[in-house]
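First, one chain by itself in structure tokens, the form predicted alone.
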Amino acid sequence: MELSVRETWTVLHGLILGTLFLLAFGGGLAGLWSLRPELVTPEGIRERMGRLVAGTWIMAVTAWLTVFSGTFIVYPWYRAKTPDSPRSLLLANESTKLWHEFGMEWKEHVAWIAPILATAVAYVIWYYGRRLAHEDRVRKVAMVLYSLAFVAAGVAGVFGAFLNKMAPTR
């Protein structure tokens, strides 16, 4: 089994970084959901905050790395103005044209929402710290933003996987 440089970057972008982001979401959401005084002792809240702050910042950085690697490394190969580029191959066939016109265009723009929202949530958690356990409304807004970041990353990831299946970047 051998991967080209482009395939390796595609794997790093979509499989490794994207998967890390999506998996980290579960831990972060569970941490936010259970960060309530009626569920956790003050000692437990103090113990969790360090992990929650570190985890959400790592997740935000991972989201930025995923989007930057996609936008500035993988997409130029996808969009190359050659007849054998993935974009050209998709647009050349009526049955696959919509994959580019809808899937790629949508993926390319929606993907940026994930790191922006993940960074906002990491900042809120860092800013409020232990007080977040007592700020129910802020905690719930953070969970909604966190979930929207997950949905945006998930949609971009699914489109990326299908697009790479239809016209691989080699």
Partner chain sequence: MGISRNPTDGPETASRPNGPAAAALVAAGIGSFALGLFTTLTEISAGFKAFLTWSDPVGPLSGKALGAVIVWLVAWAVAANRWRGVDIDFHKAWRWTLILVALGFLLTFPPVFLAFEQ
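All values derive from a computational prediction rather than experimental measurement. Residue numbers count along the first chain shown, from 1.
What comes next is about the form predicted together with its partner chain, which does not appear here.
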Item to complete: Using the partner position in the predicted bound form, report whether N93 sits within 4.5 Å of its partner chain, counting heavy atoms only.
Response: no
Discussion item. With a cut-off of 4.5 Å between heavy atoms, is R131 one of the residues that contacts its partner chain in the predicted bound form?
Written reply: yes
Practice prompt. With heavy atoms only and a cut-off of 4.5 Å, decide whether K97 touches its partner chain in the predicted bound form.
Written response: no
Discussion item. Can you work out whether W33 and its partner chain are in contact in the predicted bound form, taking contact to mean some heavy atom pair no more than 4.5 Å apart?
Written reply: no
Discussion item. Under a 4.5 angstroms heavy atom criterion, identify the one residue in V138, I58, L29, L39 near its partner chain in the predicted bound form.
Written reply: V138
Discussion item. Can you confirm whether T71, V110 and Y123, the three residues that make up this candidate site, all sit within 4.5 Å of its partner chain in the predicted bound form, judged by heavy atoms?
Written reply: yes
Worksheet entry | Residues within 4.5 Å of its partner chain in the predicted bound form, restricted to 50 to 83 and counted by heavy atom | W64, F68, T71, F72, Y75, P76, R79
